[in-house]
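Here you'll find one protein chain in two forms, each presented separately as structure tokens under the names structure 1 and structure 2.
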Structure 1
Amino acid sequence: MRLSFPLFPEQASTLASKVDSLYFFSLAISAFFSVLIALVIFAFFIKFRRRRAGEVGAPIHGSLMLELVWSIIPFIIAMSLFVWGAIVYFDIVTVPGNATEYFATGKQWMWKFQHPEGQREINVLHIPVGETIKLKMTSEDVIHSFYIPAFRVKQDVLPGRYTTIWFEATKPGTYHLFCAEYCGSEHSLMGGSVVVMEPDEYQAWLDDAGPVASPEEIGAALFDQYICSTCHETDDSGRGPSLHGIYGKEARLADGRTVMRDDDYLRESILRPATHIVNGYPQIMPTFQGQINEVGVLQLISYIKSLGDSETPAAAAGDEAVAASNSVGTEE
């Protein structure tokens, strides 16, 4: 019966046991005190029931020790749950440094994925077991929520910004993927699966897909397609700032603010360039809102991140990358 109708999803990630341990401890504490309070109420009901008509209970003047006990014990339990919960929370939101980055884009009513090697999937994500996976996610329309019950991970996917989630699968198999935020009339159909494979099987799956352009290569093709190099030259002599080596560094803006050049900064600069005007440069960059979709923006960001301080573009994109950018960067 348990196999055909399990009470809980199986544990299939390194985070699952941590989340379940906290959950079951909280459940046990709640059940213990619920039963204890019910038994005490019943015992008091029997012991202190009125036995004779007109009987009046004896006055109670209180007990300092009793007050301390029922204040200190709940405090210790509450603080233990808080500290434990905080530890689990920070484990969930802190992405390990060795994580491999994949892209995920929510759209009514599907999930679109891209592997670091360039392979793309819809509603199915193949990953190797034992590898730390980081998903950089955004939405093309409304709020979605990426949820894999077996991994015990869930993260809202928002339009106009990036969110991240990470996990490390511990056993091969196929696991359900859901959208956990109501997103429209076909919300219930917005699902999929995560296929966890042994590393050699995963590599064979990649090889079967054939050679494809990586996100950086497609981003380079988009960079050329929209003639971005006209303004963004390899040094700061162009009409716009150089993009080499800027990722992760601060920028001084024309209004005096200082901002970090992270993924959200680059996205805003591509879609709403008037938001961040770098000091010393005029606002002449056109917006690409509606011309490049979220997948294309992610690929452009990957390309910009790959540019070193004094390097040439990461990889010259071939005809295949150009074709891929034409289909990915402009689709609705």
Structure 2
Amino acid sequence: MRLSFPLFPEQASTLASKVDSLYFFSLAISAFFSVLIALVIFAFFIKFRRRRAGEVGAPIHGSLMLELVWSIIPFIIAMSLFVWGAIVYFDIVTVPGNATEYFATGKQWMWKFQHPEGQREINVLHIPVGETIKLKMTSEDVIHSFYIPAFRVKQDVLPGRYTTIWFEATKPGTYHLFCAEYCGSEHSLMGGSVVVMEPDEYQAWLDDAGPVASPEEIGAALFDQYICSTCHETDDSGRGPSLHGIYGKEARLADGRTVMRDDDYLRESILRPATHIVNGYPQIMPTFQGQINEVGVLQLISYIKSLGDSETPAAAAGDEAVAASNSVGTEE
């Protein structure tokens, strides 16, 4: 057991001090009112104690003036907290445009990470200090929650959809990473750490991990492995639409809706194609649910995103395309 113990968490991200200022403000207000109320009660309790049997209190019924005062003042304070809280919240949830994208998948009971250069880690995430980092996250099973107290950030990680979290570390060090949403037996062990490093150290760490394929490259390999390419060719001549340059553009669906092709759309299109059929195409694409795991889907999406409008994919396709597995092409 340690003798010294902290009362306040470390500040290690650009968001931390913003959250803490808000915390101290609301703490000051809470302390002020708690102490005030306790003191007044105590004073009244002593001053107006019963002095003789049969005594009654003064016949005071109320005062509209006072009621207004003690409704309006708390209201103003509460609203100022609301506004300040909303500002900080939008700072937390609005991902800066220059953020570098990492992947995180939660799974009972571990975190799997992939760096943009392709390095993979479990339960430990190495990041460079001073860089804006965004994690695209999903879960393979139940809901988890990605939480780094020193950064003051937290975001639930859901099965079946993507959520994002971002942060910029300000101080090298090793910080706790927790799963904050109860997820079963080993919930309290589903954590690890975030290691914040100086940029050159981080680079060295990346190099140490050896040359690896980037998510786009692995995605390209998967694209061949699961014979997506038999239907999706570089132009619209295949049985399915070309996937070139579709990311971020709207799709017209067979049922008349138009939807934005974002990450969640692509994920659904791969795992459960039947949920939205592109206008003008038959419903022949097989479902890949249960065959490609969430990490694979993220890599396929990276690959699709990397496909420019041109006929040649931006990333050189992974060469060692494995022979098609027998499960491909059959509906579950």
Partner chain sequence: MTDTTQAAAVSASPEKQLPKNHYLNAAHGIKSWLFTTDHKRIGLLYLGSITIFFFIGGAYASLIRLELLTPQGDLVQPDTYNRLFTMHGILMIFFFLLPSIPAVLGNFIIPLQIGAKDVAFPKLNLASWYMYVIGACFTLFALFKGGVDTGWTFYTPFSSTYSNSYVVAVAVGIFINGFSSIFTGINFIATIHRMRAPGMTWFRLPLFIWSHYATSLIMVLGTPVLAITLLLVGMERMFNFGFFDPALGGDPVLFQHLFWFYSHPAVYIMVLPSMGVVSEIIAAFSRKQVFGYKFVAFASIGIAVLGFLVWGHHMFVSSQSPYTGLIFSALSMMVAIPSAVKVFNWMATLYQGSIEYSTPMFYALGFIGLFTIGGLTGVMLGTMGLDVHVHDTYFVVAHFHYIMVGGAVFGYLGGIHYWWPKITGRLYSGFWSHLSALVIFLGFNLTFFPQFVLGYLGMPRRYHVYPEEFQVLNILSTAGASILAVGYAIPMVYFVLSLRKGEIAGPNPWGAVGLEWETTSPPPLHNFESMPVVDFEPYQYEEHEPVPKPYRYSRSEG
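Small disclaimer: the values here were computed from a predicted structure and weren't measured. If you superpose the two forms and keep the largest set of C-alpha atoms that fall within 1.5 Å, you have the rigid core. Here, residue number means position along structure 1's sequence, counting from 1.
Taken from the structure described as the form predicted in complex with the partner chain is structure 2, whereas structure 1 is drawn from elsewhere. After superposition on the rigid core, the Cα of Thr94 moves by less than 2 Å between structures 1 and 2. With the core superposed, Ala58 shows a C-alpha displacement of at least 2 Å between structures 1 and 2. Of the two rigid parts of this chain, the smaller turns against the larger by 13 degrees between structures 1 and 2, per C-alpha superposition.
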